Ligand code: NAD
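The chain below stands alone and is given in structure tokens; this is the form predicted alone.
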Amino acid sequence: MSTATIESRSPQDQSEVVVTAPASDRAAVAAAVARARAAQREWSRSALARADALTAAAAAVDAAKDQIVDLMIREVGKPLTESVGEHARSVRILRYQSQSALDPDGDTYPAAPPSDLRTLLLSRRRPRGVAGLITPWNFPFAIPLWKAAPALAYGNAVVLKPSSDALASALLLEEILNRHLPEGVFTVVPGGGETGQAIIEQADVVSFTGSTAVGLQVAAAATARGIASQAEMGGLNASIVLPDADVEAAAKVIAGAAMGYAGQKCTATGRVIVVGDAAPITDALAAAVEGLPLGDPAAADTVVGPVINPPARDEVLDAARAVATDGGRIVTGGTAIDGPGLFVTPTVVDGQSPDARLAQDEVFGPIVTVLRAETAEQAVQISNGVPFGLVTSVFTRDVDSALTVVDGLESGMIRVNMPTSGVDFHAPFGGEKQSSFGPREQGKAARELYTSTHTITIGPLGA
């Protein structure tokens, strides 16, 4: 049995340990999976029971709003307004997916000749078994739930390995859900890489959200086992600003998308691609960024809180220090703020070429680079010229221009005059290239991962 422990510290004050828990070794994961597999057999029998249980769980999460919001602020430094929004989204996810349990579970087809007219040809969707979920820290309730809720609704059991930086949130979620779910159906296993590897080796289906390097390893390992998998990975999203865009309005939207929650979203804007003269949008963006309230995430007006841990802060500061040697200049920000919290001033960079490090490698923090394009076609090429393809925004007043640009973008999600950040819980979520592997998440699209199709033919007796 492992004697290692997992520790979660507050990004507002690294001396504060939010929670400590034993790490789950391979034996502990095996035991959790065995319990889940046993519980899943009964759980999968009644769609009505699943719908009722998830509806009750939604009500319990709703009732725990203050506890959940306070913990998000404390454990991951998520600003109050965003924490409140994530709590509401978590409730809606559970409510929505509770009804997915009652969706049609298959289709019927005409039987091919020379079958008797009484022959019945149909497909049925069945749960895969035990869903192994590996989740990040930045959305500590919403991401585990947008994976777990559909998995549970379709009759699977769940074993969840959360990020160590969001362990307390996962344990609270487990406590709340398990008041309404059968024992063994939803289990949290704290741990690091060994724990995640054990889940991949033992689960029947795997869903991962995290870094590209790890996500590709997860997908390869799952594929080698012959099990279904899904990996949501990097972003480095672009906002394209066309010449006719409202500069001030676009700058405000982009500033929030790039710097909100200290830029710690896979959907955050990392690149701003301006067609034509970049100076007006650069100046407006810098002013908008400088106007964003930075500080205590518990304050009602805070937009930019701390980054999650010391390595994350170092990554942002290292990227800022490399700007000058990579052809750019820092327009604003780029410094650490003294104190117990892990705060970095939001950083706007310009003057770089599309092949600069900051324009090619995702930095998970409050930093954005402004790039210039001669034409809309070149802007699309620059947007597409990275290994990722999660989400791209286009800012313009002209519908024809928007449609032309949208048609050329290699992104899973495209938004017009909207921030790159923001997720609709009932719509498919996912990207192209190295942003995503496997079927889409959320909404009805989640069924593709968490169920498999069985084709059944029933003929009349004695045919």
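In case it trips you up, residue 1 is the first one in the sequence shown, and so on. Owing to the predicted nature of the structure, the values given are computational and were not obtained by experimental measurement.
The form predicted in complex with the ligand exists for this protein as well; it is not shown, and the discussion that follows is about that form.
Engineer: I have I240, S383 and P439 flagged as a candidate spot, so tell me whether each of them has a non-hydrogen atom within 4.5 Å of the ligand in the predicted complex.
Structural biologist: No, the whole trio is out of contact, none within 4.5 Å by any heavy atom.
Engineer: If contact means a heavy atom within 4.5 Å, which one of 174 to 182, 187 to 195, 120 to 128, 320 to 328 is the stretch that engages the ligand in the predicted complex?
Structural biologist: So the stretch in question is 187 to 195.
Engineer: Though the ligand is not shown, can you say which of A257, A250, A168, M233 has a heavy atom within 4.5 Å of it in the predicted complex?
Structural biologist: By the 4.5 Å criterion, the partner-contacting residue is M233.
Engineer: Quick check on this chain: which one of S83, T209, N156, Q202 has a heavy atom within 4.5 Å of the ligand in the predicted complex?
Structural biologist: For this set of options, the contacting one is T209.
Engineer: How about S229 - does it come within 4.5 Å of the ligand in the predicted complex, if we only consider non-hydrogen atoms?
Structural biologist: The answer is no: S229 has no heavy atom within 4.5 Å of the ligand.
Engineer: Can you work out whether G389 and the ligand are in contact in the predicted complex, taking contact to mean some heavy atom pair no more than 4.5 Å apart?
Structural biologist: No - in the predicted complex, heavy atoms of G389 and the ligand never come within 4.5 Å of each other.
Engineer: With a cut-off of 4.5 Å between heavy atoms, is V218 one of the residues that contacts the ligand in the predicted complex?
Structural biologist: Although the ligand is absent here, V218 would touch it in the predicted complex, with heavy atoms inside 4.5 Å.
Engineer: With the cut-off set at 4.5 Å between non-hydrogen atoms, does L292 touch the ligand in the predicted complex?
Structural biologist: Because no heavy atom of L292 falls inside 4.5 Å of the ligand in the predicted complex, the answer is no.
Engineer: Going by the ligand in the predicted complex, which residues of 114 to 142 come within 4.5 Å of it through any heavy atom?
Structural biologist: I134, T135, P136, W137, N138, in sequence order.
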